[in-house]
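Below sits a lone chain in structure tokens, taken as the form predicted on its own.
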């Protein structure tokens, strides 16, 4: 009798142990899948759709659209994974309550350095030489006249001891102090040489604002995102997107004044998406009234153009978040360069008293000129 009781208890204990092991396994798998889902573009862009819809739209239209959000925003390793999940908890409650900034404030504070994320694939020390770039644009005239220019970008790069060109900035050690949150007003820069030397550059009009304490507490080491601040979430202007659509064959260059009508419909941004679409629909009325024969013969091309223009609305105008293509300007532009070049003066070294050069050919030159 006692043996039977023991046998029953052993059976129950074995069942509980197996059930517990199965539960732990299922919870582990579920937890892992939940973490994976929380790092996915679907979670970031759709579950948080009211907040992140502009960034998600730009991301889907970018060359990085197949890269997981966490690959750039978190990177590898448990340390930053845990940090990102903890720092995201307050944002969840702000999203649920609707108490979030419109538009989202940038740059993101305490973002992991790009050397530990982007540079796992993009490696400036492996770059070398120049890059040929051809820019094609279309005029807002009757024939949508095409124009192309070819420029040579001095991308440069290479190991630190021989780095040159644009990517010298990231291969060298450059610290800077910005006086504003957007990091546009740079007032102090220090360049450290491989031999231990140091050259300091300052904005002589703002010396009173640059104090040793401020430098110690707020200086940053220059990172890829200080220029490539919109590496994936690029909001191109309607004009740029129309040019791209022409170049990709999505718009018919034989439709007179199509570039002009597109810009008139899309710029400035409409206060609502419904109004933006209505402006685009009016392009059909333009051809029906001004070019009735072309309208009859090319109705499919016109309808297609209207749909392409509405797609451009979806990439440039986000009224709920108060975002347009002008909200987050890229710093990989002349304006980004001129935060330092032509503004800051060397305070020591062989170039003491001279401005950082703003010669355009430091970064690029047109074909045929060197």
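Residue numbers count along the first chain shown, from 1. This one's a predicted model, so the numbers in the text were calculated from it and none came from an experiment.
One more form of this protein should be noted, the form predicted in complex with ligand HEC, which is absent from this view; the next part is about it.
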(message) The chain here is shown without ligand HEC. Which stretch in 262-270, 129-137, 243-251, 287-295 comes within 4.5 angstroms of it in the model of the complex, by heavy atom distance?
(response) 129-137
(request) Verify the contact flag for residue 326: yes if a non-hydrogen atom of it lies within 4.5 Å of a non-hydrogen atom of ligand HEC in the model of the complex, no if not. (result) no
(request) Spell out, yes or no, whether the shortest heavy atom distance between residue 203 and ligand HEC in the model of the complex is within 4.5 Å. (result) no
(request) May I ask you to state whether residue 178 is within 4.5 Å of ligand HEC in the model of the complex, using heavy atom distances? (result) no
(request) Flag residue 319 as yes or no: does it have a non-hydrogen atom within 4.5 angstroms of any non-hydrogen atom of ligand HEC in the model of the complex? (result) no
(request) Can you work out whether ligand HEC is within 4.5 angstroms of a heavy atom in all three of 52, 111 and 118 in the model of the complex? (result) yes
(request) Find the only residue in 283, 225, 276, 255 having a heavy atom within 4.5 Å of ligand HEC in the model of the complex. (result) 225
(request) Taking ligand HEC as it sits in the model of the complex, which residues of 318-339 have a non-hydrogen atom within 4.5 Å of it? Please list them. (result) 328, 331, 332, 333, 334, 336, 337, 338, 339
